[in-house]
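The data below hold one chain only, encoded as structure tokens and taken in the form predicted on its own.
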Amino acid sequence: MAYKPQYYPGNTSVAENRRKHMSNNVEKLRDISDEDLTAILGHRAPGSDYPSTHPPLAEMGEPECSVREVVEPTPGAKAGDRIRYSQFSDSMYNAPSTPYWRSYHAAINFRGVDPGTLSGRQVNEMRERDMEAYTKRQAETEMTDWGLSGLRGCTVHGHSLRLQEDGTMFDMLDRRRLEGDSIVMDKDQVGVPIDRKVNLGKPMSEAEAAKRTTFYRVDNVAFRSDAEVVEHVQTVWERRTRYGFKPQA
């Protein structure tokens, strides 16, 4: 019998969306070309070769190792790519994803990833071509609403509690904005101007964002409305506390 993982409890739309993110069962909503993705990441010039930190593994003549024989290297590790990062921020106003769920998605579905979760941002460090594949997956799917999410390598501050008058998430460096009915980005993730406007597609309506979000909010899907999730969180808290204190019985 095949094992079917149970990623997250709950019967609400938020719980279902969290399961979708963790399992990578997410809907593709837009296309972003490799050239545009490279431009907004800002690590190298679009179309250029991947810089490397060591020769390809096939040329290194490494000693025999049973672990290496079992574990297939990622494409980036195999080629010797350098380590690079991408960092997303997500608005508290029903953005589709949250920092923790971006980390879960990366760690469960991609290899060679070092995820970091902070209060309002999520960063992943990976071999460069692996990082681009992961970023493209999150950028093109329902995990990201470019009106309520942003690719920000620095200066994330102020994003979480503020929306601009047009409903898009505030960005101190003005990396992306609403033009007509689409979000465009004309600076890379650290705010350096690029030579084009990258069209990231239409932002979600408020109703669509509320349907796809992984945030619990009292004005949408309240956390305490999902009894199974509350029970799960309380159980985890209790067991971590008990074992943290090393009970004798």
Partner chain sequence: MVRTVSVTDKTIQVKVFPARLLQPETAEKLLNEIDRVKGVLRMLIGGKNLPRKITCGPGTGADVNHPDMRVIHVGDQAFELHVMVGHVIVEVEDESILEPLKQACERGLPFSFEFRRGFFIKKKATLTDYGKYGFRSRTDERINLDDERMLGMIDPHAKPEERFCIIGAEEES
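Bear in mind that the values here come from a model prediction, so they are computed numbers and not experimental data. Numbering follows the first chain given and starts at 1.
Another form, the form predicted in complex with its partner chain, is not on view; read the next lines as being about it.
Work out which of R129, K78, R111, H157 lies within 4.5 Å of its partner chain in the predicted complex, going by heavy atoms. None of the other options qualify; the answer is H157.
Location of its partner chain contact in the predicted complex, chosen stretch of 31-39, 208-216, 190-198, 49-57 [non-hydrogen atom, 4.5 Å]: Selected range: 190-198.
Does its partner chain get within 4.5 angstroms of any non-hydrogen atom of R82 in the predicted complex? Looking in the predicted complex, residue contacts with its partner chain do not include R82, since no heavy atom lies within 4.5 Å.
So, V71 and its partner chain: in the predicted complex, are they within 4.5 Å at any heavy atom pair? Close contact is absent here: in the predicted complex, V71 is far from its partner chain, nothing within 4.5 Å, heavy atoms only.
Any of the heavy atoms of T117 lying within 4.5 Å of its partner chain in the predicted complex? Output for T117 is no: heavy atoms all beyond 4.5 Å of its partner chain.
L163 within 4.5 Å of its partner chain in the predicted complex, heavy atoms: Within the cut-off, so yes.
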